[in-house]
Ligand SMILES: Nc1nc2c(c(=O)[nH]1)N[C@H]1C(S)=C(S)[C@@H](COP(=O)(O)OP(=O)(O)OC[C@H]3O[C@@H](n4cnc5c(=O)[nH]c(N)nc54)[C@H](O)[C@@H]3O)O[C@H]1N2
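Coming up is one lone chain in structure tokens, specifically the form predicted on its own.
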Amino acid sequence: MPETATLCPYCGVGCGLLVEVREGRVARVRGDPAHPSSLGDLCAKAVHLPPTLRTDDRLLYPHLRTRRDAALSRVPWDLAIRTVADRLGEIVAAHGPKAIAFYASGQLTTEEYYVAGKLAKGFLRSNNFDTNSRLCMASAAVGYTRTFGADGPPCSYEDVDAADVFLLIGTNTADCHPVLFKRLRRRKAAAPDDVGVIVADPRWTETADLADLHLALRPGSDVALLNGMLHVLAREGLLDRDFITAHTTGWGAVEREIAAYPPERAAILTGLSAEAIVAAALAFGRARRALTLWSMGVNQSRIGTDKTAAILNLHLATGQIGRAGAGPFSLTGQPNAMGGRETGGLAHLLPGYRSIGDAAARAVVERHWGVEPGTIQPEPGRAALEIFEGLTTGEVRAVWILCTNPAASLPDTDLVERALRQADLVIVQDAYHPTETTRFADVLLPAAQWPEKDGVMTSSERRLTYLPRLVPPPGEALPDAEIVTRVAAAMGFKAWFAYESAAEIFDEFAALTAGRPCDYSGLSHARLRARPVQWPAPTPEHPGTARLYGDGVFPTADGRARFVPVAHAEPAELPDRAFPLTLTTGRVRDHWHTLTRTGQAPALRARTPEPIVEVNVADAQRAGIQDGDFVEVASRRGKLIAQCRVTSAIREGVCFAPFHWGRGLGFYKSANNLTLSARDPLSRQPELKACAVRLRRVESP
């Protein structure tokens, strides 16, 4: 049977797939050997995509609720669109544009991101447009911008094949980015004596099992570790002084800051030995080509932006950037979180990595959209958690949720549920129902999902891949972009949203990237059908760019990267007598986000049917818990009940639970019953990796 090339809709690795369709349905998925991001490899989640598409809980038709205590009822599309348009218009008229908010997803295509942001910021005049990428990569994005002058990972996956030292910090790559991890493992296996791997993680995972040096640091102590390593490198004369002088500013402030982090003090702050910190520093400093990989363990912190700065400081100080096999490389969590950042899909951004606070940037976008000068508001909108906090206070009255499940994925689930109950209007656009979020909907809009629509996504390595439509959507489901443009037309904006195809949307957006750091004005659907391309690609003839900053020039006012001095700070909530352990959350290999898709795959569900709680042996003994017992994990906000895995593979004083299970699958299965809403002051990303909890054994359910 013929196969069609496309992209995997799961993590940010951006694996290429070959899909076989039979009788209008996806029958088989395998890796695409021609796709440069994955070279034919793929993980179990992709293999088991077919059974997730036509399921009993697919949302097939629009639904409305006539009043909050009434049931949802099926309605025609015209009525659903008219209702959304009228209700949004009424709320804006009564309370102003700031009373409405959009909460979208890194699983939308670039075109869908763009039209939704255009409607919100350019026509409804609300900058309250944020996405679940705020839970994912916001700290890395702000960190790149603060240091380099622009967002965007400078590296490529091919750098994995060239690096001789890897520092993995805040990433369980084996579970969260398995295809990239396999590439790293192949690199290590090909030259085991010449390639070193350092893994900093409170848990011993499959990722840590590859390490030559595992640093089981205390949760939240990443800055202390990185500053301690940089202290050692400065002391041992392993800095690239020529690079610092020629290509950076601000080294003196960092040098003064790291003077306070000798390995002995860094050891106290991290819970590691001074010898281990020195060993990590020397391995990194003596590397010819050092590559740092990081993800949510760094980003999801109240100082996530500072942790990113500490990583970037390490690379700038050693000149480990802009060369094959060398650089700081954040691993995006979602398939198009990068594309969302490029389209301006966060509350402080406009398309092309423009800042909403920049008057000249607003003017450019207003001209491109054909709206009056001054239409786009100058103040950043509400970030993810602030949207829901605004719903509880009445400052936000309506929220339109696209392709995400915040009632399961956001921290402090009680707050999110209270917000959705108190909202005047909740619009939810999804492919599945019921979910933890759709049950709060006043309007329910059925969306097409992969592979029922076409569009473009950008992976962690800045590579754009075209996703063709392979099968028709079931029932009356529509692509997200078409739903948004129908609402825009019903609100009187049809002339500005009269697109005939996703390709037209892409061309309009790509033109806005011209001359920007993320320039892909030389790309089009037609070109991307032939092969994926990495930005920047400013002309149709440009081959794409494997890595950034090879010339040592950065997109700052003076062309130099900026060192940023950062200090260690403890997590927002520390253990105490009442709550003596620190809980950290994360993913498992077989599942994705809140299980709306992977929960439909029988093989994946069978392999990982329930959440577990990992507890250190010593902590279990103190609590009278044995392996296999059911335990109640309680924080100041709620409880989780799950089976316990007693292990020495997690640091004493720390326990771990996966976040995939929401309350819809069992009220006490949700790890976000426990998490807190503290967040980074710059990136506004929540601290999902550390909260104080206590354990007790319970009778088996």
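Numbering starts at 1 and follows the sequence shown. Everything numeric in this text was worked out from a predicted model, so none of it was measured.
Same protein, other form: the form predicted together with the named molecule, not shown, and the subject of what follows.
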item	value
Output flag, Asn172, Tyr432 and Thr585 jointly within 4.5 Å of the named molecule in the model of the complex, heavy atom basis	yes
Single option in Asn227, Ser330, Thr465, Gln107 placed near the named molecule in the model of the complex, where near means a heavy atom within 4.5 Å	Gln107
One residue of Thr485, Asn132, Ser156, Ser126 in contact with the named molecule, assessed in the model of the complex (non-hydrogen atom, 4.5 angstroms)	Asn132
Location of the named molecule contact in the model of the complex, chosen stretch of 619 to 627, 517 to 525, 117 to 125, 219 to 227 [non-hydrogen atom, 4.5 Å]	219 to 227
Residue contact check: Arg562 to the named molecule in the model of the complex, 4.5 Å heavy atom	no
Residue contact check: Cys691 to the named molecule in the model of the complex, 4.5 Å heavy atom	no
4.5 Å heavy atom contact, Asp454 to the named molecule in the model of the complex	no
Contact label in the model of the complex: Asp480 to the named molecule, heavy atom within 4.5 Å	yes
The named molecule in the model of the complex - contacting residues of 1 to 17, heavy atom within 4.5 Å	Cys11
